[in-house]
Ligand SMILES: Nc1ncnc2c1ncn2[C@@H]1O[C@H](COP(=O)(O)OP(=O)(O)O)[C@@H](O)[C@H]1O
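The data below hold one chain only, encoded as structure tokens and taken in the form predicted alone.
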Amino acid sequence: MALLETIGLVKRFGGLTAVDHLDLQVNEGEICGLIGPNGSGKTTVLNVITGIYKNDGGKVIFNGKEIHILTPHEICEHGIARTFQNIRVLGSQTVYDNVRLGLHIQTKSDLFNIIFNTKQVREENERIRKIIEEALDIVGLRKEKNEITKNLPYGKQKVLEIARAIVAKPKLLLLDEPAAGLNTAETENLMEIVRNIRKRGISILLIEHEMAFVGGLTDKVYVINYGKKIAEGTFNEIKKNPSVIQVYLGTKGDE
């Protein structure tokens, strides 16, 4: 069953068409890749899906509902979470507090209950603690939960962003170049994290330049160039596609 669909999606910036009538689909339980050369419009697609940019044509349908008409926070509340190309963490705050930011849509207590630390607040804080620690377990950061975030190595800051995204229990997770800047061991660890997230019922759409990462994880891959889809299929299928080889993967289809 399709969880996310873009139908004829268009995004323009002045005279530039960054996304050109793009059709893609992420089914429930899938890990899908979105690849293409630098400047091909990949991040723009994610920005339109999440409402950061408004589309200039076409539709974004999530879980059977048109979401391109919604605000970013409404789209988040419908069950889409994401990470960004550049790390966006609060370096002066703890790992725990950074992840807690991802639960803003789930906190219910009002000012009165917070000031007087009522039973409702204490119960909510305990519920939140369990959710945060579960997310930290998934990404392997439970032991560092009280660490100041800026003291973490780069690779751990990257997976911290993922913990903050999944803590709200989204139906769909969008990952924008999650393996960028990681070494081989960190990349392999990240692949296992992504697999574990999928096992928890979260579908994934990821952008990535590291082809081994894409090939080792995805069920389906979409390739775009200048905002247009030029290929779709399994990784083994698209890496042999002449159009993909020409614009993205070089001249040798088996590389």
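Just count from 1 along the sequence shown to find any residue number. A quick note: this is a predicted structure, and the numbers were derived from the prediction, not measured.
Although it is not shown, the form predicted together with the ligand is what the next lines describe.
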Checked Asn125, Asn151, Gln85, Gln93 for heavy atoms within 4.5 Å of the ligand in the predicted complex; positive is Gln85
Name the single residue among Thr218, Thr44, Ser203, Thr187 that comes within 4.5 Å of the ligand in the predicted complex, judging by heavy atoms.
Thr44
Residue-level question: is Gly29 within 4.5 Å of the ligand in the predicted complex, judged on heavy atoms?
no
4.5 angstroms heavy atom contact with the ligand in the predicted complex for Tyr53:
yes
Counting only non-hydrogen atoms and a 4.5 angstroms cut-off, does Ala18 reach the ligand in the predicted complex?
yes
Residue-level contact is defined here as any heavy atom of the residue lying within 4.5 Å of the ligand in the predicted complex; does Gly39 satisfy this criterion?
yes
Out of the stretches listed (30-38, 192-200, 210-218, 56-64), which one is close to the ligand in the predicted complex, meaning heavy atoms within 4.5 Å?
30-38
